[in-house]
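Single chain ahead, written as structure tokens, the form predicted on its own.
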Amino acid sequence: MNDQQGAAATGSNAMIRKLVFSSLGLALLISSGISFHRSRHRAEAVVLSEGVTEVRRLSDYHDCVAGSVNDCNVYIIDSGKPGATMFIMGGSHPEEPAGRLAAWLLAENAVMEEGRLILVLSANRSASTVTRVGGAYPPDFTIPTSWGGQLFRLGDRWSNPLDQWPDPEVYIHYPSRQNLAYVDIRNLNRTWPGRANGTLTERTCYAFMELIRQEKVDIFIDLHEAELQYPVINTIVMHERGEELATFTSMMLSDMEFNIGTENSPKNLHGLSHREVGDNSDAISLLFEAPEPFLDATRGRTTREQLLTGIDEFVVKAGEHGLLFERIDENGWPIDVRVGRHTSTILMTMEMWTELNPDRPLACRSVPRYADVIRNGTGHYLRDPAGADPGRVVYE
């Protein structure tokens, strides 16, 4: 082979390599695009409890979110009898799934016997359509059921940059003008009370404030989970007007079901629901935190299994070195324990409210408590949409 033929062969081989790598890159791009599209547009079926009397939209309370990804469903369970109104919010941070699942169990099971219950399952739907950059989060997870399992989106702490961009150099909270971390302008639990002409996340909070005011909500509960290295954990964070209610709830649960503490909402830390809802409405504002090892910086592989079992040897090791604010052992913090803590805390809050306010009671049936969820599993209380009346199935 002469030099000219050798050069041609080398050029041909180089071209083949380029074509192969280009084809592999294109295939990866297409498959990733399909995966991202499915995750962003996945419809999650909710089988309405017999107690659900109405399903509204957040934009019914203010049109600043109309047509946006965050124009979520609002489920109303009205007993038809006099009483108080409780509003429970799941999905403020979709990477904390126990809160969203606890609200889901209420939407599919709860029947109010006195008063009203308002539920939101996807408070920041935008955040459920993205995963944390560099976090290797799974985009979804499955809760096993007797009928095969239900798939849920997971998500991130912040609204999707596709829906809100760019972030500022410094986030100046409205209306306090307190400086917060720049990325928290996309954090639903840093943008309360919101504003109608603000970012998507601010507009979402503003619409929720309108819901709270228009529906004359008495008790607002924001459901969360936290890493074990975070000091505010296994607790009820309370606005000062909710101190009596939260304290009685904590005392009764700690005596009868599991230990849970209380924390005062800092008066000078703005943007959080437990501060701003209480300051800007007549509602008592509470936030519930359950432990989620999946979020800890010292964790091992970030997998669906780790999310659901709450088992992580690295977090256990961190505990052995005194780096945690909550205990953990080889049993971890399974999703059923975390969901059950939330459902029991909600039910006990209703009971304590009724003790303190007998003229405005709250009574609910058919919702599993802590021991029930642990014994039977979260999936036992999820309803099969394929076997349900299509008129009682809606989608998140």
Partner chain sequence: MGILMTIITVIYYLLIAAVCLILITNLIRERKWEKEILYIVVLMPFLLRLLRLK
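Positions refer to the first chain, counted from 1. Keep in mind it's a predicted model, so treat the numbers as computed, not measured. We call the rigid core the largest set of C-alpha positions that still match within 1.5 Å between the two forms.
Another form exists, predicted in complex with its partner chain; not displayed. Remarks below refer to it.
Only one segment in the set 322 to 330, 252 to 260, 280 to 288, 195 to 203 has any non-hydrogen atom within 4.5 angstroms of its partner chain in the model of the complex, and it is 195 to 203.
For Trp165, a non-hydrogen atom is located within 4.5 Å of its partner chain in the model of the complex, even though that partner is not displayed. Although the partner is absent here, Val130 is a contact residue: one of its heavy atoms lies within 4.5 angstroms of its partner chain in the model of the complex. Its partner chain in the model of the complex comes within 4.5 Å of a heavy atom belonging to Leu28.
Contact between Pro144 and its partner chain in the model of the complex is not found at the 4.5 Å heavy atom cutoff.
Interface residue among His62, Arg56, Arg369, Arg40, judged by heavy atoms within 4.5 Å of its partner chain in the model of the complex: Arg40. Within 4.5 angstroms of its partner chain in the model of the complex, the stretch 291 to 329 places no non-hydrogen atom at all.
Once both forms are fitted on their core, a CA shift of 2 Å or more is seen for Val20 between this form and the one not shown.
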